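Next come structure tokens for two forms of one protein chain, structure 1 first, structure 2 second.
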Structure 1
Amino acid sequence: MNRKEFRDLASPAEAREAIDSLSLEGGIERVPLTDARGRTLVARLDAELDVPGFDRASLDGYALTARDTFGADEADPAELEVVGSVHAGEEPAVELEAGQAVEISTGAVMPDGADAMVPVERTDTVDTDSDGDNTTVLVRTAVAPGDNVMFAGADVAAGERALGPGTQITPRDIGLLSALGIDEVPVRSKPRVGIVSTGDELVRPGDELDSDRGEIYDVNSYTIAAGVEDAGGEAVLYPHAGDEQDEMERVLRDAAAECDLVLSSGSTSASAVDVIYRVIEEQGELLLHGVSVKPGKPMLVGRLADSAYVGLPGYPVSAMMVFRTFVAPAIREAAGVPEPESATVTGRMGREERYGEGRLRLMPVGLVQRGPDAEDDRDAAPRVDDSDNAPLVYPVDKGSGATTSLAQADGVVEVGPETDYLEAGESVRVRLFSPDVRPPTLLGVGEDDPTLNRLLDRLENPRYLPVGSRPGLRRLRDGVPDVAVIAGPIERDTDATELGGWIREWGLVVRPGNPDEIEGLSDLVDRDLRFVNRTSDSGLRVSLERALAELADDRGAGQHELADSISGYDIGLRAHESPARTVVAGEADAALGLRETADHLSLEFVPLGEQSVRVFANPDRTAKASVRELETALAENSNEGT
């Protein structure tokens, strides 16, 4: 096979051009009015009738000849003979002559001979006949011809241009179409976008995962599908193609036959690329392989049979960034759904950021509002230029493989290939993921804790990054987060403001019923038990180390010596539940953890001590509403506990 080589990466502009050169449009369909909201009209719709279709009374009152009221006022009303009545939805049975009036309801047809109407509030009735109907009305105001009448065609007149091609139909347009009696409209079909995820390691959410075999849940299929729908396309999920080439080839061909655009992800690995190349070579054309953008370099653009094709990288962040930057605009264009304009925010970098790979960088970022007392509190040396009230912008980069790089971000800063340094305080433009993104009200960092998880539920839209106690304190000092949550002893002084806290019980989480009869740290040191520890970022680990130091003192031994004698002491897991779950899985006999975790997972708990968890606020943010709310929640929690 004569594989094409793309030694040089294409520029982002070339990638856009390549995608624009593909046709994604899905044709035209007619949809009922009830399904028309948000769809895009393909043809101009001119009015084919007048709205209203008749001269219509605007109020309840009397239809009459304006001339009969000239000169009338409160003191000297015009007296008219009432010769009948017309209600909405009725054809008038009478024709007016001079000196006559007809009782008329809002929306009813003006009878022949009437050229104006007067509202009932400006009239009095005088006589009633034996049926109780009014026979004479006193009109206490003068009206001009046309007063209180909506003439035929006054809203829309036949022949008028009602809606133009390309209109994205709003509820208001549906009102106009309803008024014209139109119950079906020609709209652009949604582009059908087939999604093919490849990789033997992928498992659909809801199915069982085998981590030992390196299986992971398929993130891209559902995420990209939601992105396709956001952009106005129709997503079609194809069954997983493993790395088996025949199967992948068959899935790709099916998708190409059924869709306007095929997106594959993970298809940039060597074996997948071979299949793509083969199918493209037989039935299509490869336009581009590799783009100078980070993340997202290994992108493919081409044609598969009659369908457009884009190969997205396998890593979720890369896939989503390439999708948003290059593919979503093309789907929007084909669907006729314009990009919302109002989704850009200007912020200031919360810290410096270096980068120098000479590629366009799509940097996911979070936003944090500094709140009211950035200005009130002039004593605090501002860490960034806070002369305006722009939000702080911080990069969220846990790597292209991390889904949280996107879920914990609010938007993207595009950093040009020529820029390799962004200063702290520098102004940057953040493209929000969508116009309805609401940046979090509170940004917290620090220790992972189940009590904290519950406390945060009392706030609206908080964001918490469980980076651990030590890194949390460091980040708070650097000035970006609002609060940091610190567990266990703190080594250094902090100028942060303590908002409150709670006590948690820590110890060893062991199997239900404690079959190994573990009573404390000594058992781990002296017996052949498998232990699972936390990483050194965790406040729990710090407390464990102190306890081990005490035990070493008691025994006159070295702390390292004792640690070395605990099997698994060096294996630190990141999360507060992970060690305990290792016990559940039968892969460990004891884990460092909390009583609450043991209870939650129905395990047994061997207490080793208590530690305080304290919440510290950035001194510049103590007046921020969400910080005060958290303070209140902490106080309430303390009271509930007592």
Structure 2
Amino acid sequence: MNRKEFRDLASPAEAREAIDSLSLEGGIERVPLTDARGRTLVARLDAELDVPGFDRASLDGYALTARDTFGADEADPAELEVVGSVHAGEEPAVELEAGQAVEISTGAVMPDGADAMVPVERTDTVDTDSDGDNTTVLVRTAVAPGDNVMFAGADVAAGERALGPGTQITPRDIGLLSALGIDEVPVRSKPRVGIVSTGDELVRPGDELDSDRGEIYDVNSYTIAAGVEDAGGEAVLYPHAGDEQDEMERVLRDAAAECDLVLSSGSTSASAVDVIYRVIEEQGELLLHGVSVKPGKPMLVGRLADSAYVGLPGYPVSAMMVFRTFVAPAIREAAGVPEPESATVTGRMGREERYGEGRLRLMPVGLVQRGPDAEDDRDAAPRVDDSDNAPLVYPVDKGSGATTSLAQADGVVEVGPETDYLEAGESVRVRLFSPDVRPPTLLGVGEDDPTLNRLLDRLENPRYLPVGSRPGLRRLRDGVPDVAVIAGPIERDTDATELGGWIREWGLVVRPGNPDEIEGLSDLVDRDLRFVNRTSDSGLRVSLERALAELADDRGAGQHELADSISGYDIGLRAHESPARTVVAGEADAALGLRETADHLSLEFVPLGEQSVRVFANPDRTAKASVRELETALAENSNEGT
């Protein structure tokens, strides 16, 4: 199979034009009122009756003729004969004459002969005979004709325009339609969007995963489906399509026969096994392949049978960024859903970011507020501020293959193709993912640790990036995060404020019962045991290296010599549980880890030492409310441990 090459990439504007040329509209349907919220009307609705359809009382009191109350006041009330009562939902059985009144309930029909009503609190009643059969009401205020009465059609008059075409139906509109007796409405059909994830390696969440075969859980089907629903479309998930062209063609044609738009993810790049563009070329019409944007260069746009087609990249971040930027607006247009309220924030780059690839870059970023005053209102959106109080902006893009970049981001900075780099402190415009985005109250970086996870649970909306101790310390020196969590020895001093910390026991995590009878580091050096390490940026790795250096000194050998003798020493995993889980899976005999991790996974533990974990705050952020709350949580944790 020949390899497809990207030669002339389309511009972002050309990609939008290509998508706009496709027809995504699903037509018109009538839906019951119970399903109408959020849908878009396609025709004007006029009132076919008066609302209310009768003159009704606005309050509890007495219906009467206004003329009978003229001149009445507290000292000289009008005396009227009560000749009956009317309750809501019943037809009046009396007709008033001069000098008479009828007791009436809120919402009840005004009887003939009455043109006003008086509230009950402005009246008194007296019995005029011993049997109580005749009652007189004393009206202690004058009323004018129409007072406290809602006349027929006062709310909506028959023939009046109720709602116009293009109205996105809200709960208050449903109230109006209910009042008019309308039980179903004509609306734009939601565009049916078929979602097909391609790749032999994909497994649905909930099914068993075989990592040895390189299988991964399908992320795109669910995130894209959520995006489709959010944009006003109807998402339809189809079975995975493998990398074989006949199977891919079958699934795509099924989706095209049933949907207005087909969205696939994966198999769009220039790889020899990425064949989806061939299916579109042979079975439909390929309008565009390749866009000058990062992430998302291998986007496809075309037609398949009677359906529109867009091929998204396979990597989750690339897929979602392309969907949000190019596809979601087209779905909203077809569904008649207005563009969401835009929300942008002006911030300053927390560090320099180099680029220079000549393509539009959609860079996911996070926000962190520097000043303590930003914590006063936890529900407030970030401020648009060009002053030194503007929030810091930091990239959180881990690469298009990562799935957590968008989860840890607050918005996107569009970096033009002519931009080679963004300077630290440079003002940038952040387009938030939605107007209700609330950036974290605390941004922390550093070591991954179970005690830390429990401390963060005590805070409101923190964000923590487990980058490791060494990178965490570097980022703290750069001034972006509020705090950094550092485990083990610190090689050089740092200008930071220590908030507190704790001690953790570290060592080797081994199988239950320790069948290999591992007693210490020497066993890894001298015996043929499989070992899994932590990454070099971890504080645990630093302590292990120091322990290995001490063992080398005792033996009169070189540290690197001992490290080379340990099978798997250079295999480092990032999270604190990951090495231990290789022991659980039977893929290793021992792993670097914590006693707490061993206990949690029901494994055996061989102690090698204790390690301090310290939390350092950016000295400019110690007055931040969230930093103070973390300091309090650290103190409470210390007291709980004593």
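Here, rigid core means the biggest group of C-alpha atoms that superpose within 1.5 Å across both forms. Since the structure is predicted, the reported quantities are computational estimates derived from the model, not experimental observations. Residue positions are counted from 1 along structure 1's sequence.
By the stated condition, namely the form predicted together with another copy of the chain, the first structure is the one that fits. Taking the rigid core as fixed, one finds a CA shift for R172 smaller than 2 Å between the two structures. Here G558 counts as shifted, since its C-alpha moves by at least 2 Å between the two structures after the core is aligned. After superposition on the rigid core, the Cα atom of E281 is displaced by 2 Å or more between the two structures. Comparing between the two structures on a rigid core frame, one finds that S427 has its C-alpha moved by 2.6 Å.
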